[in-house]
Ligand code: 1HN
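Just the one chain here, the form predicted on its own, laid out as structure tokens.
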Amino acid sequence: MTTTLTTRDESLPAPYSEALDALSVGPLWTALHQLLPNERVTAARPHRWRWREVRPQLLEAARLVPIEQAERRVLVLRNPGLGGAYAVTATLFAGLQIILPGEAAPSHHHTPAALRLVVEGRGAYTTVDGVKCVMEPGDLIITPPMRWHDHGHEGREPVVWLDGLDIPLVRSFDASWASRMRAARPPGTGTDSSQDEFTAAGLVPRRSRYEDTGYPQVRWPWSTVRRALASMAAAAPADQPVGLCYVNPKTGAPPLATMGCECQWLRPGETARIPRRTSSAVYQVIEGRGESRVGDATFAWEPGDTLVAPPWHAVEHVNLAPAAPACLFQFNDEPAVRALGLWREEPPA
């Protein structure tokens, strides 16, 4: 959302202000504290989108809008504080995409980075640079900038996933661009590297059979991630949080240059506290039921729900189940914030 700045000093003679306007210059002193406020502020608000409310609208969109018309059949999660912008925070975009059996979303590439977290359904796949990535609930798939990708569906039920992109950030650089769509092509490989080359922590292939694109892994299966989280939770002391970061297995860096991904495991009755940070985050509930406090707002959640935490908002997650774990996936803009030298985190209390 663009803030209207105070660009005229009413104490100045009108002819002088008009002369400044004619020269396309303006007095900084009238807008200084709008450009550089004394407190960390954001127009984005904490918010929750209920899966049980959004899901019927996705199914209706699939009935009303053919894939040939939509190209990407997505309902965008718009932050209510951003004046109707297609953005979930000032830097991040989020939407829920649906594809039906037999459909094929055409291929394109674009400058924004993207990720997919599968919410519901089986049988769909994403192709990234010719590599076929099966889409199972909880799976994470990335499509790095300028990589050709498309979506197909060989199953028998609707498949929905959460799209996360850095569109608002890229737009702020006037760098947002996408190729024209072209028909999806058959995948060049039937499996992705998570199935045969990155199946265990601490091991990487001496020589990969996949093209070297700088992104050796583009899919993280939920079955692998959940098993690792459960193993970690079984061994960790009760007062130690359980969470894993998704990384490039060859470098340890975030999977995308501008967006990071994490998964939090909450044991029955556990509370996890995250201090205020200069990054923003979008949470997707994979398993369990509980509630989260984001700043002064409190939201109950269940599987499929999406929450957003704007920058500099303390976050607290609580698993309310007495006997079952809860799992929260998040994507964030922390890598971009760090790269710009803007990363700050409030010291622990």
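Remember, it's a predicted structure, so these values are computed and weren't measured experimentally. So that there is no doubt, residue numbering starts at 1 and follows the sequence shown.
Keep in mind that the form predicted together with this ligand is missing from the display, and what follows is about it.
Participant: Looking at 157-165, 228-236, 199-207, 273-281, which stretch has residues with any non-hydrogen atom within 4.5 Å of this ligand in the predicted complex?
Facilitator: After filtering at 4.5 Å, what remains is 157-165.
Participant: Would F93 count as touching this ligand in the predicted complex under a 4.5 Å heavy atom rule?
Facilitator: Result yes; F93 sits at the interface with this ligand in the predicted complex.
Participant: Given that the partner is absent here, does H153 sit within 4.5 Å of this ligand in the predicted complex, heavy atoms only?
Facilitator: So H153 does not count as contacting this ligand.
Participant: May I ask you to check whether Q97 falls inside a 4.5 Å heavy atom distance of this ligand in the predicted complex?
Facilitator: Q97: contacts this ligand in the predicted complex.
Participant: Since only the chain is shown here, I'm wondering whether H108 would be in contact with this ligand in the predicted complex (any heavy atom pair within 4.5 Å).
Facilitator: H108 belongs to the contact set for this ligand.
Participant: Considering K250, R185, R171, R72, which brings a non-hydrogen atom within 4.5 Å of this ligand in the predicted complex?
Facilitator: Of the candidates K250, R185, R171, R72, R72 is the one lying within 4.5 Å of this ligand in the predicted complex.
Participant: For a quick check, can you give me the residues of 126-149 that have a heavy atom within 4.5 Å of this ligand in the predicted complex?
Facilitator: Going through 126-149 in order - heavy atoms within 4.5 Å of this ligand in the predicted complex - there is one hit, H149.
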